[in-house]
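Below, in structure tokens: the form predicted on its own, a single chain.
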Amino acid sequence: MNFFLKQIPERTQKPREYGFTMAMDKGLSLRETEDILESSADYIDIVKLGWATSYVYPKLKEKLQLYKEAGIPTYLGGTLFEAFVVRNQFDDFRKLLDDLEMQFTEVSDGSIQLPHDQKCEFISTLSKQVTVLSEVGSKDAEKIIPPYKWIELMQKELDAGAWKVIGEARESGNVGLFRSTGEVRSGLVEEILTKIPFEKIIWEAPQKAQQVWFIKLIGANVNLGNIAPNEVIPLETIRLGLRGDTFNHFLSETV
């Protein structure tokens, strides 16, 4: 930090086990990537190349190298995994991970119908190759999953070998964990936390109000994902109580 302030919440240090910020790259140019890394690399723990943008991005390996040189791991969006699986190309997906020297991958079923036992088999297989992040929840706004089922799915995926589970919200933050308005399904989140440790969950929270809600509930070291690259530093100030939304949250009565 550039100067000293009292009563700033303690943040975990990279490489973190929790307190994660997962940034979502939806197609940044190489120059944009360099600019983001110059300003925000200290606060980005992992980068997701959103959905299947890696299929069409023209300089994929060059971009991956930029992140690698900055010490930031990357992974391909879960939609790409689903695109391979639905075409019976799981082995090709595994080869792709090796070809790109990926250390992480996402397993999801937000866009396809996948028996959960089969999803867990994919997690188990991939966990022997890379570190697996598994996503729970549907991209279909009409599909409401009850809290007990979220807990059951998350636990089974962790047991299958997932390093962390991701709560689905899409890049817009209006499905899964959230209502169509972006409001948090607070009862759902609080019930999940009665059974699944907060350190094991990355909450997709692209909207500022959602980020504030999770930080106030869990603390500065909550894992948050689907953060726009240019919102990484603003998020860090929210985590530290240096923005109006959380300004008083970490202060004691006597400053």
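Start at 1 with the first residue shown and count on from there. Just so we're clear, the structure is a prediction, and the values are computed from it rather than from any experiment.
The same protein has a further form, the form predicted together with a further copy of the same chain, not shown here; the description that follows concerns it.
Student: Is there a non-hydrogen atom of Thr53 within 4.5 angstroms of a non-hydrogen atom of a further copy of the same chain in the predicted complex?
Tutor: Flag for Thr53 set to yes.
Student: Taking heavy atoms only, is Gln207 within 4.5 angstroms of a further copy of the same chain in the predicted complex?
Tutor: No.
Student: Flag Lys59 as yes or no: does it have a non-hydrogen atom within 4.5 angstroms of any non-hydrogen atom of a further copy of the same chain in the predicted complex?
Tutor: Looking in the predicted complex, residue contacts with a further copy of the same chain include Lys59, since a heavy atom lies within 4.5 Å.
Student: Should Ser29 be classed as touching a further copy of the same chain in the predicted complex when contacts are defined as heavy atoms within 4.5 Å?
Tutor: Yes, Ser29 sits close enough to a further copy of the same chain in the predicted complex that at least one of its heavy atoms falls within 4.5 Å.
Student: In the predicted complex, does each residue in the set Trp150, Glu152 and Asp159 place a non-hydrogen atom within 4.5 angstroms of a further copy of the same chain?
Tutor: Answer is no for this spot.
Student: Just one of Gln65, Thr194, Ser39, Ser186 has a heavy atom within 4.5 Å of a further copy of the same chain in the predicted complex. Which one?
Tutor: When a further copy of the same chain is considered in the predicted complex, the option within 4.5 Å is Ser39.
Student: By the heavy atom within 4.5 Å rule, which residue out of Met102, Ile145, Ala83, Leu114 makes contact with a further copy of the same chain in the predicted complex?
Tutor: None of the other options qualify; the answer is Ala83.
Student: Based on heavy atom distances of at most 4.5 Å to a further copy of the same chain in the predicted complex, which listed stretch, 159 to 167, 117 to 125, 89 to 97, 176 to 184, is the contact stretch?
Tutor: Flagged stretch: 89 to 97.
Student: Counting only heavy atoms, which residues in 208 to 240 are within 4.5 Å of a further copy of the same chain in the predicted complex?
Tutor: Residues within 4.5 Å: Lys208, Asn230, Glu231, Ile233, Pro234, Glu236, Thr237, Leu240.
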